Ligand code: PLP
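What follows is one chain in structure tokens, specifically the form predicted on its own.
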Amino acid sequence: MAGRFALADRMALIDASGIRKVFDLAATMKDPINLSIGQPDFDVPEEAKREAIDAIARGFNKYTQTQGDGPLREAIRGIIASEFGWGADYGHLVTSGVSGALVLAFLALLNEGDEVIIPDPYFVMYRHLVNLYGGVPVTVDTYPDFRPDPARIEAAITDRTRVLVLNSPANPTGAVYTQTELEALAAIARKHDLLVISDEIYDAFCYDGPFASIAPLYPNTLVMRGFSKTYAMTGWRLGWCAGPKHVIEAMTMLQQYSFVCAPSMAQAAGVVALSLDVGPYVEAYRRKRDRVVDALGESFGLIRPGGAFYAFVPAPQGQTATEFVRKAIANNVLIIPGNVFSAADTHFRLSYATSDDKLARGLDILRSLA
């Protein structure tokens, strides 16, 4: 009986993440082969852990400024100047993860009925947050190769379109956008005066060439990066956002009344983390990616992912992804059906952020099921 304690109408616009449901299921299983969660299997680098411990010991446990602590903001300022060529007209903000940055950005930018273009497949949070804040998610099909087709994207633009969301390297597909593709997307955004949100949380994980950002190509870009994937700091809730100063100022004001600030000791560790070489971790994941492609490329028709640590795999012919996922879970392998990330139920997401042994066993089982 809800009575006067009924939930707000906006809660009907979102539902529980399919990823989280599988995560909860994993907690009830005995030693599952978990290929579902996008969480690095390596630990936080020792240097970053020591700095966080030292920060706690020296009393760095209170609020920082809402926009972030000075040393970390200075390090971020150096990144945006050297990589994007951005100067005083741009602002930056330390956030509670990239998820926190997305919450603040959509809340600051969207009016009722404003449209947001999102390539499909997409990270599940995008569509739900747009709905929650009164916007209209407009998904653009990128099947079968998950490349961003400029013509399709431009065809989806209306006079209500405000934002184009890009995610490269992408979750769930592992697609990495090329410089040429980004130049074409920048031209469309410029023509229609759109703000681009560029989610670059997986920027370190590119296996077949260097990472490219749209930020140097298009000034009206909000770049979002974080520490969760590159430095395995998923539980530390630390990220950052940079972009046009008036947007960052609005997001900072909203953070003051919501998250307040990112965790102080995590910010101290973040300064150290940014100076570390994660090349060995990236190389390890490149090898895992190659194992997945070797195992599933021919038998499943998998398109080779170029980055992140996911493969978006076609379900065997004659089966929906949901049906195949049920079989996999019955055989102790946890994967995510593609309809969590997409209008289609034709693929499943596999995360290879796990041990080599579990990955090998999981791949063997998936091949046997196919």
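The first residue of the shown sequence is 1; numbering continues from there. Just so you know, these numbers come straight off a predicted model, no measurement behind them.
There is also a form predicted in complex with the named molecule; it is not shown, and the following applies to it.
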293 to 301, 183 to 191, 110 to 118, 200 to 208: which one contacts the named molecule in the predicted complex at 4.5 Å, heavy atom to heavy atom? 200 to 208
Contact between G97 and the named molecule in the predicted complex at 4.5 Å, heavy atoms? yes
Contact label in the predicted complex: F146 to the named molecule, heavy atom within 4.5 Å: no
Contact with the named molecule in the predicted complex for N171, defined as at least one heavy atom pair within 4.5 Å: yes or no? yes
Is it the case that F123, even though its partner is missing from this view, gets within 4.5 Å of the named molecule in the predicted complex, heavy atoms only? yes
The named molecule in the predicted complex has a heavy atom of only one listed residue within 4.5 Å, and of S228, T142, S264, T252 that residue is S228
Among R237, R162, R73, R289, just one has a heavy atom within 4.5 Å of the named molecule in the predicted complex, namely R237
